[in-house]
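Only one chain is included here, represented as structure tokens and corresponding to the form predicted on its own.
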């Protein structure tokens, strides 16, 4: 190597890494591979049709659901409950989480309450909600709201607690008001944790949605799955599970789009 003074050589860039690259096709290929192997296993008899029907049979059941006009009835009922319950629980969770993080009185009074109620299975409270709100939509929405509230609260105040305090002190040194510090420093800094809490609470909401619909609902994806299981119609059951998976994928995609838009300052 030439070490003559005045000479130079290019240095490899060392700043890369630790940043995920968008590889959207990989996820699609994984799904396609699983479905192909599943179909082949069912057609060759490796997978018993009584235990797990082929994807093609589930697709036929889904087509029948579309032709009968029941698809939209089940989906619209479930989406309405999910949107109202999750959005209300998430909004209340953010408000309470911010209050716990910023006010000592709220922290002292609410953190023990959240810690005591959060581990309780929310579906176990559905009979109580039925007594309070009746057998209709109120009990189902309340179950979803209650279940999504607590993960959002914990994610919100944990995100604010883990915020770099030097940023807050910097805002104070520049003479920013309390509201400006909260709006411009604290909430944007806690937003990644809040959105992560939204991902968790959305998954919890879908789980509670199915459980609530299985207990008492005429229409809904959970009611459809319960009916299919009672009739031992495994093809319809798999079609219902596929609808839940699509709902979960859609919610995850929407939250990821929100993350890209709201957290573009991190780039």
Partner chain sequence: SAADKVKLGALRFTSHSGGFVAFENGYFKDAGLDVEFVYFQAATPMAVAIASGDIDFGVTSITGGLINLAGKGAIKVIGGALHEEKGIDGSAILASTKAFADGLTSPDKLKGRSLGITQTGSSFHYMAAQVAKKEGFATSDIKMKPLQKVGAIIGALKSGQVDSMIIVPHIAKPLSKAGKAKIIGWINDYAPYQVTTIFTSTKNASGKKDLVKRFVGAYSKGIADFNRVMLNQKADMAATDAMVKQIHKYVYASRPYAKAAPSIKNGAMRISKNASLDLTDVKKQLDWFQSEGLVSKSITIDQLVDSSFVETY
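Superpose the two forms; the largest set of C-alphas matching within 1.5 Å is the rigid core. Positions refer to the first chain, counted from 1. Remember, predicted model here, so these are calculated numbers, not experimental data.
The same protein also has a form predicted in complex with the partner chain, omitted here; what follows describes it.
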{"item": "Touches the partner chain in the predicted complex: residue 58 (any heavy atom, 4.5 Å)", "value": "no"}
{"item": "Close approach of residue 40 to the partner chain in the predicted complex, 4.5 Å, heavy atom", "value": "no"}
{"item": "Any non-hydrogen atom of residue 230 within 4.5 angstroms of the partner chain in the predicted complex", "value": "yes"}
{"item": "Non-hydrogen atom contact residue 239 with the partner chain in the predicted complex at 4.5 angstroms", "value": "no"}
{"item": "4.5 Å heavy atom contact with the partner chain in the predicted complex for all of 71, 78 and 145", "value": "no"}
{"item": "Heavy atom contacts to the partner chain in the predicted complex at 4.5 Å, residues of 147-171 in sequence order", "value": "none"}
{"item": "Displaced residue check between this form and the one not shown: residue 230, CA, 2 Å or over, core reference", "value": "yes"}
